[in-house]
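First, one chain by itself: the form predicted on its own, in structure tokens.
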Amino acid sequence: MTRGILITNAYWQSDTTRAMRDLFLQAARDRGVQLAEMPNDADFTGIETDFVILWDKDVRLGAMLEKRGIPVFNSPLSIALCDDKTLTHLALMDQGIPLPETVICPQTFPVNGYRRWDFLDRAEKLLGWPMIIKEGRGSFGLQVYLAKDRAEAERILQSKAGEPLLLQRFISFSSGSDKRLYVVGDRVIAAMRRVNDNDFRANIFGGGRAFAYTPTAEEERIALLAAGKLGLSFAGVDLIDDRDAGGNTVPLLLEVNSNAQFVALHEVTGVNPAVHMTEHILSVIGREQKQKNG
């Protein structure tokens, strides 16, 4: 029997995380896989398994398991690239993927803060106001801010000094709305549109509502290309709409999530990503095993 481990975070549990765990465990049982949940603070000394689903962002633990020759999904490197939005931008900025205009803030230190604002002068000319400020690391939209003017931008940036930060043009056309495409392997298995009438961020956590959505061919191309360039086996790829010079609606990549929550997507589309992820993992490790055996 194939054995696997689902690694979850020991310090972040919610109804949503438990629901996803249950979907993973059921998908595995239905396919004859013995999948055990282990929190990331467990003792992994001498652990033996056929694969690991790193449903967490503990990339150091994932790297340690990879060093032992255990297949880890997603790979720690891919998770690390997604967990820091500044690194995501750098990895994708020259890959033929449409992105909002972005400025990565220079590195400083909490004890020093920002004593010069030359970079903000340049960003102001390029991006205008209001302006999006994002911490590199964050979830549920909580570390994304909308600065309405220079004074507010300086206040936010100063309070986050020392963190990886980026600035982006605010796409007013898509305020409070985005689309999440769920990629597994080389397919978009499902998608949803999220809408928040009371916030510029569309996240469900912040009060957004989800609806089933059928993506365009271009949206699927962007999602698959982004996930592939980041080396992801599965991902939630978030897109927003903009308008080009001719007034046509065009998609832009907002961010890529290596551990995207999928309870809402399951509810509105009926598609269970855990099933597709389990089957993809079994296909990959089966193929690798055949190659080893010649």
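No experiment lies behind these values; they were computed from the predicted model shown. One-based numbering along the sequence shown.
Unshown form predicted in complex with a small molecule; subsequent notes refer to it.
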Joint contact, I132, V144 and R169 to the small molecule in the predicted complex, by non-hydrogen atom at 4.5 Å: yes
Listed range touching the small molecule, judged in the predicted complex by heavy atoms within 4.5 Å, from 213-221, 170-178, 149-157, 115-123: 170-178
4.5 Å heavy atom contact, F109 to the small molecule in the predicted complex: no
The small molecule contact at D238 in the predicted complex, heavy atom, 4.5 Å: yes
Partner contact for G207 in the predicted complex: the small molecule, 4.5 angstroms, heavy atom: no
4.5 Å heavy atom contact, I79 to the small molecule in the predicted complex: no
The small molecule: the contacting residue among L232, L254, L61, A260 in the predicted complex [heavy atom, 4.5 Å]: L254
